[in-house]
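We begin with a single chain expressed as structure tokens, specifically the form predicted alone.
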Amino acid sequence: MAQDASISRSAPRTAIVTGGSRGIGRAIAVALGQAGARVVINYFASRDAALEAATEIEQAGGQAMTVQADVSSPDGRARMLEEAQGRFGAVDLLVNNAGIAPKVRADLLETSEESFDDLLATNLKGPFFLSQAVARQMIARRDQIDPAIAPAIINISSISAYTASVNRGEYCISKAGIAMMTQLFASRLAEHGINVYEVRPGVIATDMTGPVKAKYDKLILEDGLLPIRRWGQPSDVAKAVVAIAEGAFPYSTGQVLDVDGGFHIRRL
């Protein structure tokens, strides 16, 4: 990907991508790095994969660092931001991508409190308080951020924000929470020149969807679940994030960008 002047100018954009070692997060991190951003790749357990993503960015002429941190942990979030600032200075782009699926797809009437708490902590509580901390830093250090680049927070949600799956209700609730979180932060931060967006992927080919590949192969390729009859790829989501990072939507905040093959269209 060619470097874009709106990212790779004299003061490059510094981006944190949570869950940036694999799947959608890795595609986002690499695409931002190739577009000229300095990328902080957060990971929880996949150290080697995170290092590989950083190497891929550096081989393309970009800058990257990795930070191991659990986004559900206050200490982990604080350390992530501290290390990012220590290496690259003020953070002006946060991509809340880290998320987990239930360990067991249990019927709604059998969902455990442990699973509910785990998913809400990682998928919603972590992004909420990381956004809070990064927003405070963006406001306090606005003079250290290129004035031509509006700071932004991008939340990666899912069609599960509005599509009921009764065998993983806790996941749906966490993503619905991300949708409202986007609206709240967009409303609160607009006065500070910080735009907030929700990128809402559909059925994307990742490790998370691997166990249900046969099911969705049939739904997509044979049953017409999607107007665009193919699986989504992590690169599809990454392109939407890069477009936001490049300033393609300066007069939009709280906006939802559907990357779902048209799933959101109501059809008869």
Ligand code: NAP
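Start at 1 and count along the sequence shown; that's the residue number. Worth saying up front: this structure is predicted, and the values here are computed from it rather than measured.
Omitted here: the form predicted in complex with this ligand. The next part is about that form.
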property	result
Residue 203, heavy atom within 4.5 angstroms of this ligand in the model of the complex	yes
Exercise: residue 122 in contact with this ligand in the model of the complex, heavy atom 4.5 Å	yes
Residue contact check: residue 71 to this ligand in the model of the complex, 4.5 Å heavy atom	yes
Exercise: residue 98 in contact with this ligand in the model of the complex, heavy atom 4.5 Å	yes
Which of 53 to 61, 218 to 226, 38 to 46, 238 to 246 sits within 4.5 Å of this ligand in the model of the complex, heavy atom basis	38 to 46
This ligand in the model of the complex: contacted by all of 90, 131 and 141, heavy atom 4.5 Å	no
Contact set, 141 to 174 vs this ligand in the model of the complex - heavy atom within 4.5 angstroms	156, 157, 158, 171
